[in-house]
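Quick setup: one chain, the form predicted alone, written in structure tokens, and binding and motion questions come after.
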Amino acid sequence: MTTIETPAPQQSGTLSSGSRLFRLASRYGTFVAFLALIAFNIAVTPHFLSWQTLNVNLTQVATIVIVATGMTLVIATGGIDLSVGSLMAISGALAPMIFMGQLWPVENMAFAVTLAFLFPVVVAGLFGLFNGLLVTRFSIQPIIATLVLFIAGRGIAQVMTNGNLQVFKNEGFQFIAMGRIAGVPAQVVLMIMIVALAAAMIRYTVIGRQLIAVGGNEKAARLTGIPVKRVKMLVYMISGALAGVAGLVVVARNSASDANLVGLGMELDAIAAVAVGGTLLTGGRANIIGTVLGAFVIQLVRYTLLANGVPDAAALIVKAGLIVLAVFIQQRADRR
């Protein structure tokens, strides 16, 4: 009896080339989009190639990068942090209260300004730790756990200030946003330092490898002896502290603290920067440099729309579209 062998089905060349295309888009798409936005603005937007435009974009993107760096660490563990905007409001409300003498009399202004830098960041970090406790100790889904402070945090900031606008002028405190170091805006230098430290932590430290392992396969990480709960609590604390730093930069730049507006919508910008930058929203990957590029893309999209007469509200739709597109590319690129 003759046996007829049926050839094994082969993947079509179209699917193979499509898979390669999505992988390339996942790896280099953000950089290409960044270059495309620059090219478009050079050709269309008046005065784009000027120091003033560069300064505006760098100072506006700095807070997004700072918050998105912390968000990258959280998302790399498979979590998410919706409270960053509210923690910015708390930090931004608390700092002026310290050096303006609303909490206790100010006897030494230098000490008060130093405390205004440190204490709000510590408080924001502790609120981040609270988020981590809800996620780890009580097994609450991260999106629900951080929703608590997303809602309550801004309310706390409003209660602290009685809903009033705090206007101030303090050169020592405002140096973090208005000052320059070797001609570079201080907030940009701060952004670079935070990004460098986070990238080094991911690449060269044990905790960096542990948080990637936790996001990749939490059960396997626990079986290998990685302190999963401790790692998650740490990244939420870092995310909260960085949100606190960003809050200080915003109020120092504005010479005023408004608990209703500081950090409003920052969670969307941070998540968009992380997603566009190539970090998987399901965890297991942390691309800090990609997040920086993603933040620049988000900022340039907003700048491009505003500079060409498109309402700011339209930028929200574009940001949401960028998140959807980034997640779609990631999912297709990961298919085998």
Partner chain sequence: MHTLLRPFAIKSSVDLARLGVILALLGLILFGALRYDNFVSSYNILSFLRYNSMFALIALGMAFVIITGGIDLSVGGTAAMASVVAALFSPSHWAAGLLAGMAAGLAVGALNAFIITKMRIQPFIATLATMLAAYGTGLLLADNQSVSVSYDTGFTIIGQDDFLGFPIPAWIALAAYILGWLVLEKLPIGRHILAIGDGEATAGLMGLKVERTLAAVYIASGTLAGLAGVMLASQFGAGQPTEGVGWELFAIASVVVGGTLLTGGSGSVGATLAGALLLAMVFNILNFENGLGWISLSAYWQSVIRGAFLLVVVVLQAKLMTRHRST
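The shown structure was predicted, so the numbers you read here are calculated from the model rather than taken from an experiment. Numbering follows the first chain given and starts at 1. Each form is matched to the other, and the largest set of C-alpha atoms that superpose within 1.5 Å is called the rigid core.
Omitted here: the form predicted together with the partner chain. The next part is about that form.
Stretch 151-159 is the contacting one of 90-98, 232-240, 105-113, 151-159, since its residues have non-hydrogen atoms within 4.5 Å of the partner chain in the predicted complex. Not one of 40, 42 and 293 comes within 4.5 Å of the partner chain in the predicted complex, counting any heavy atom. When the partner chain is considered in the predicted complex, only one residue from 129, 118, 197, 143 comes within 4.5 Å through any heavy atom, namely 143. Interface residue remark: residue 260 is counted as part of the site for the partner chain in the predicted complex, having a heavy atom within 4.5 Å. The closest non-hydrogen atom of residue 147 lies within 4.5 Å of the partner chain in the predicted complex. With a 4.5 Å cutoff on heavy atoms, residue 271 counts as touching the partner chain in the predicted complex. For residue 288, no non-hydrogen atom is located within 4.5 Å of the partner chain in the predicted complex, even though that partner is not displayed. Applying a 4.5 Å heavy atom cutoff to the partner chain in the predicted complex picks out 80, 82 from 55-83, in order along the sequence. Superposition of the core reveals a Cα shift of less than 2 Å for residue 46 between this form and the one not shown. With a change of no less than 3 Å, the CA-CA distance between residue 260 and residue 313 is larger in the predicted complex than in the form shown. Put simply, residue 46 and residue 322 come closer in the predicted complex: their C-alpha atoms are 3 Å or more nearer than in the form shown.
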